[in-house]
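One chain follows as C-alpha cells, the form predicted on its own.
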C-alpha cells in the first residue's frame, strides 16, 4: 500500500532568466515501511522533490501542478495552517548539511525540548524523557539528541551520509534500516551515490533533469538496468561485486532546465540516442511488474548493457 503518491508533480523556480522546471511531471509512490532510494547527479531535482513533499521550498519556488497524496490527503492542496499538522509530525526531513541546522550557541537539549513542546505538544518533562529514549534507540550517548522526535511516518533523508568515511556511512545506514523496522518508518533516501542505495534501499528511483527515468527493485537494478542513464551511473561508481579496471564517466552535464531539449533530456549525453530520442519525450512506462523506464529503446536494454561497458561509447559529442 502506498503511503505517499506523487502524481504529475511539477515544481518551478522563478529566476532572472525565466522559469526553470526543476521537477517536471514526476509520478512516484512510497509504500508503507519501504526505503526508497532517489538517485541522480547534482542538479537533477532530487532535493527540490523532497522539499516539495514537505512544502518547505525557497521563496522563488512554487508547486506548479500535480498532487502530493499522503495517507489519502493531497498535501499540495492544503492551506498552510493545515499543512502544519503534517510537517515534522507525520513527515520529517533530514536536510543536506544537517550539522548546520542546529544553533551552536543554544544547548542541544533545549533545542530538542523546544521541538517536542511546541510542535509535539509535550510537557517539558515528557519531552526530556522522549529525548532520552530516542538517544537510547539510536545508540547515542544521552547527551546527544536527534529528527525522529515526533514519531513521523515518513522520513526524507537528503544526502545523510555525504562527506562521511565509509565505516561511519555503513553504521548510519545500518541504523537507518533498524529504525525503519522498529518505528514502522518509510524513508526516501536522496543520494548521488548508487552504492548507498545498494546497501540500504528496497527500491530505487533514478532522476534526471527533473524527470524520473527508471524505478526498479534494488536487487534487480544492478544486473539489469533498463535506462542508459542508470547504466552510466553504475559505470561511474566502484562496484565491489564486479570490479572494473577503470570507471567510465558520463560526458557532459545535465541540460539547462530553463530551456530543456524537446525530446529525451538525456539524449545529448546518451551513446544510444536515435533520431526519435531528439524530438519525442519518452513516457515512463511499466516494462514488467514493478519495473518502469522512460526510454524509447528500453526493450533493447540487454544489448545496450553490454555496449555500455565500452568507454569509447560514452565519449559522445556534447553541444
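In this text, all values refer to a predicted model and were calculated from it rather than measured experimentally. Residue numbers count along the first chain shown, from 1.
Another form exists, predicted together with a small molecule; not displayed. Remarks below refer to it.
The small molecule in the model of the complex comes within 4.5 Å of a heavy atom belonging to residue 47. Contact check for residue 53: every heavy atom lies farther than 4.5 Å from the small molecule in the model of the complex. Mapping the unseen interface onto this chain, residue 9 falls outside it, with no heavy atom inside 4.5 Å of the small molecule in the model of the complex. Put simply, residue 58 is close to the small molecule in the model of the complex: some heavy atom of it is within 4.5 Å. A single residue from the set 257, 30, 26, 68 has any heavy atom within 4.5 angstroms of the small molecule in the model of the complex; that residue is 257.
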